[in-house]
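Next up: a single chain in structure tokens, the form predicted on its own.
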Amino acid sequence: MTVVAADAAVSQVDAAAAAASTRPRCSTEDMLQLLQDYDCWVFDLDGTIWRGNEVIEGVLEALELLRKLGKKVLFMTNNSMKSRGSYLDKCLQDDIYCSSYSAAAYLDSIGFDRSKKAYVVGERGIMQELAAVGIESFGGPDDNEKRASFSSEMLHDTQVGAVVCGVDPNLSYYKVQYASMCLLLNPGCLFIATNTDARGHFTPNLEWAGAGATVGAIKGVVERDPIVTGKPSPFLMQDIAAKHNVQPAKSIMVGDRLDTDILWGLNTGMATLLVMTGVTDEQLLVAQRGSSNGVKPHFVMDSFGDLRRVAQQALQQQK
């Protein structure tokens, strides 16, 4: 049934995949089996649904066919620059999980002290999600023009209880220094990363430095690891399962990154489908297949748009 061998120890889904044959891409039979086996489909966005502002050919039609087949369709992106509300016009639905939301949801889940504040190194989406759960924040784009000077004393807010980092196109020495002071000088201050992606397709034809650049700069100063709330952390799957009544064993994660999308699926007991429209190229996929500890997806497609023909066939058979 499956096209790529998987580690049987991860889950029952993996055991089934490991027992099957290996081929480079999904066949028509494989796609029909996917449609039969999985009730919930969770999608990455950048590199899977679109690249920059351009929707990948055939993907929207395939998504609509999934819905017509009665499948639950959810979206999970590590892009923290926007809040969930910012994606609604683009996705035309409400079932969106982004890493800016994951950071706020995590702080809310641990009972973050609302008398404390969060300092944000990232974009407005993080601040909007924090506000939605009643957490006061500052920094973010409001600090884009601020500069650190060795010739003057630099003060920080002692009421900062968390530093939340995401991708920041305006990352500066000031932001790194301010965040580091909060983490080093405020007792118990939490170091939260929406994600640690190295790169992202924020425009159609070019990869840009991701949140890993932001997190790495601060980590290099404070010499401690952050709490990562987005993919591949399993935190959000608990939230998804509770809100949507879905079972990981009947769910499949579709994404373009091995180290986040596919690893997140494996970490949470879902089946995994890698699409080759984003950051993973053939050389990296082959290297992972050949590695004893590589991240191996259960299924591979050139593009998720390839499913539309088979989904249309399945829908006709259902009528």
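Numbering starts at 1 and runs along the sequence shown. Given the structure is predicted, the values throughout are model-derived calculations rather than measurements. The term rigid core refers to the most C-alpha atoms you can superpose between the two forms while keeping them within 1.5 Å.
The next section is about a form of this same protein that is not shown, the form predicted together with a further copy of the same chain.
- If you check a further copy of the same chain in the model of the complex, you find a heavy atom from every one of S152, A198 and A213 within 4.5 Å.
- At a distance threshold of 4.5 angstroms between non-hydrogen atoms, V176 is in contact with a further copy of the same chain in the model of the complex.
- Among residues of the shown chain, D168 is one whose heavy atoms approach a further copy of the same chain to within 4.5 Å in the model of the complex.
- Residue contact with a further copy of the same chain in the model of the complex: A105 places no heavy atom within 4.5 Å of it.
- a further copy of the same chain is not drawn, but in the model of the complex it has a heavy atom within 4.5 Å of T203.
- The single contact residue among G134, G220, G188, G111, judged by any heavy atom lying within 4.5 Å of a further copy of the same chain in the model of the complex, is G220.
- Contact with a further copy of the same chain in the model of the complex, defined as a heavy atom within 4.5 Å, holds for exactly one of D157, D95, E207, D142, namely E207.
- Annotated contact segment (heavy atom within 4.5 Å of a further copy of the same chain in the model of the complex): 222-230, selected among 96-104, 68-76, 222-230, 235-243.
- Once the cores line up, the CA of E207 ends up 2 angstroms or more apart between the shown form and the other one.
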